[in-house]
Every structure is written in C-alpha cells, then in structure tokens.
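Consider the single chain below, provided in structure tokens and representing the form predicted alone.
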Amino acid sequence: MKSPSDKTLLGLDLQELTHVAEQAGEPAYRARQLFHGLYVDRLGSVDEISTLPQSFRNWISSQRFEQGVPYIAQHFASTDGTVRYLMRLSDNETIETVWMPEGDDGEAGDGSDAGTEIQKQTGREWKRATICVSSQVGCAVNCQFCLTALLGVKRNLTAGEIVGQVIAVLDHQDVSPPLERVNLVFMGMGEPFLNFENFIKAVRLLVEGVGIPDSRMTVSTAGIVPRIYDLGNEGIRPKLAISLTAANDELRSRLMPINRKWNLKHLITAAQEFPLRNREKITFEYVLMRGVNDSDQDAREVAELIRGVKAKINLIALNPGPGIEYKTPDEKRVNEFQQILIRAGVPTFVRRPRGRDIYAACGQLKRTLEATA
C-alpha cells in the first residue's frame, strides 16, 4: 500500500521550504513565495504560483513533489446545513471532516454543512462556520460511546494532511480570506494528543499560513495527561477541551478506557495547572447516556469534581449509531442535568446536534458511505 509521500509540499514549514529552494539553487525568498502560494493563496498547484520563476516550478515538478491536499471523494449535505466530507489520502486511506455553518437565524453550528446546497436554495449566507478536523485515520482511544472507536486506528495523519483538510473544505465552500469567521475544532476522527507533534505543527501552519487565529481553535482530548502539560507550554495553541463523560473513576474507566492510565485525579490536576489566557476557560465535554451517567447525583458529582477549575461544560446528548449499546436521554433529562450544574455555579451549555441525518454529529464519524442514518 502506498504510504504518505515524503515529497509532499503541504505540511512543510518555511524552514523546510527554504531547504527545498536551496536544493533547487534558488534564493531563500523563493521559499517565502512558495509558502505564500501554498498556505495563504491556497493555489491548487505549484504551476499557479506565478511569483515563482518557471525554472523553479519545472524543477519542483521534475522532483515529483506533490501538493498534498486530500481529495474529496464524497460529501453529504444535512438538512440543518452541515456537510460531511469523506476525504481520500495519498495511500488510499480515508478520513472525515465536517463543515458547520451558522446561519442568519443565529443558530450556532458545530457539525457539517449542506452549506452550498442550502444557501442556493434559501439565499441565506452563513455568519460563522466551524470546521471539525481529524487527526488520525480511525482512533485508538476506544471510547465505548463513539462510532469512530469501532474502526480502531490505522495511522497518524501528517501535518500536511491535517492542514489539507481545512484547505479542501475552505476551497469547496469558496471561503476567501480574511478567515475571522471560521472556527476550527480538532474533534474529528482520532485523538490529537496521540499525534501531538504533527497536530501542533499543523496548528502553526494554519495560524501563520492559512490565517486562522489560534484563538478560534479548540482541541479535544480524551485525557492524555502528559500532552495537556505540553500544550500549555506551546506559544501558539488552541483552547483546551477535555472529554469527561463521568465523574468517578469506576464509570469513566468503563466508558473511556484511557482513564485506567490517567485517572480523574491526574486529569483534574492537569486541568487546574493548565495556564489559561485572559478570559479563557477549559471546556469539559460530557456525553449524556440514558440511565448511565445522567442522574441528578451524576450532575452533583460533576460539579464537585471540577470545583476550583476555571471551566465550562458542554453537554452532548449521545448521538446514536449501529454498534453503540447506549441510548440517548430525552430532552427533559438533559435540561434537568444542565440546571443542576448551573445552580451549582458551573456555566453549562447544551450542544445542539448537527448533521445526525448524515452521520456527521459528535461521535458518529466512521467513514459511512451513506447520506442518511
């Protein structure tokens, strides 16, 4: 099977592109032009970077360098405006990326987009949008309520494949700079902190090249505690979200086996010690499952567990799917759970599901080839 090419330009930083230019006998400023063409202008091929001399473009072609933007094999449009993209990589593996627009009705998006189709039908323009990005082919963490876990893990994505998802979606949605209306959430397939080096490199390229501020990015982890500390040491970094889903070790270890390695004591300590920026909070994500972790007592335990952490909670009613044994609680139970946390002084929000009808909602990404559940 073909593996990711070491001749891929996307994913190379300025220093690495300078080395490419030097190999071709070109001055260093050509690397800056190449960087600008790849990331800022998002040109489809090196031949389109007209600031580069034809001789350099010919040399790049002769060396069989590839651009490296993933190919959109299929995309599925939801009735709520979400779009799920199935992207094919150079080794024929596939991943999923989701576009979630927020429309004129003021409803926030965090899923995918029927974007182009919906806008053509309604004439509405989105005010903000969120792209949900994958970091691995599959996932190794094995959370018992997540369809991606059923795939296992094939490999890590390269920095270029992570950046390439964003570029592919922006191009498909015809989004031009400036990109201050675009949010990124690293909450797709995979555990970003098990691919930390490539993930962080991609973040830098997205900030310095593509032009999306890190203040508009959030990364979610199931609880890889050492990498939480590493993230806190990064000068350029997304905001931190932690998938919590249970307030005691016995239940969390059953639902999220990673808890057996880094338990709640270690996880909460890492959250308490995480260096927050001005007005920043850690987000705890809590997937509610009927009769499993959605009782009044569970809510009180959550409030007590995170006491002393500058945080907010996002409640996610389980998004169902084949192979998942757990059930979705009704809306009344979700609201009651939320109110207990709010009364305890914890800012708590219910995340509205996006793209359930196309398997694009949180926990549903499993490279499904159908458009409807």
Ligand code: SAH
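From a predicted model like this one, the values you see are computed outputs, not experimental measurements. Don't overthink the numbering: it's just position in the shown sequence, from 1.
This next part talks about the form predicted together with the ligand, which is not shown.
Listed residue that, although the ligand is not shown, lies within 4.5 Å of it in the predicted bound form (heavy atoms), from L318, I60, L38, I313: Among L318, I60, L38, I313, a heavy atom within 4.5 Å of the ligand in the predicted bound form occurs only for L318.
Answer option from P101, G190, G164, P238, heavy atom within 4.5 Å of the ligand in the predicted bound form: In short, G190.
Candidate stretches 204 to 212, 264 to 272, 171 to 179, 279 to 287, one within 4.5 Å of the ligand in the predicted bound form by heavy atom: In the other structure, the partner sits against 279 to 287.
Close approach of L10 to the ligand in the predicted bound form, 4.5 Å, heavy atom: No, L10 stays farther than 4.5 Å from the ligand in the predicted bound form.
Touches the ligand in the predicted bound form: S220 (any heavy atom, 4.5 Å): Yes, S220 sits close enough to the ligand in the predicted bound form that at least one of its heavy atoms falls within 4.5 Å.
4.5 angstroms heavy atom contact with the ligand in the predicted bound form for F186: Within the cut-off, so yes.
Exercise: S78 in contact with the ligand in the predicted bound form, heavy atom 4.5 Å: Flag for S78 set to no.
Within 142 to 172, the residues that have a heavy atom no more than 4.5 Å from the ligand in the predicted bound form: In sequence order, F145, C146 come within 4.5 Å of the partner.
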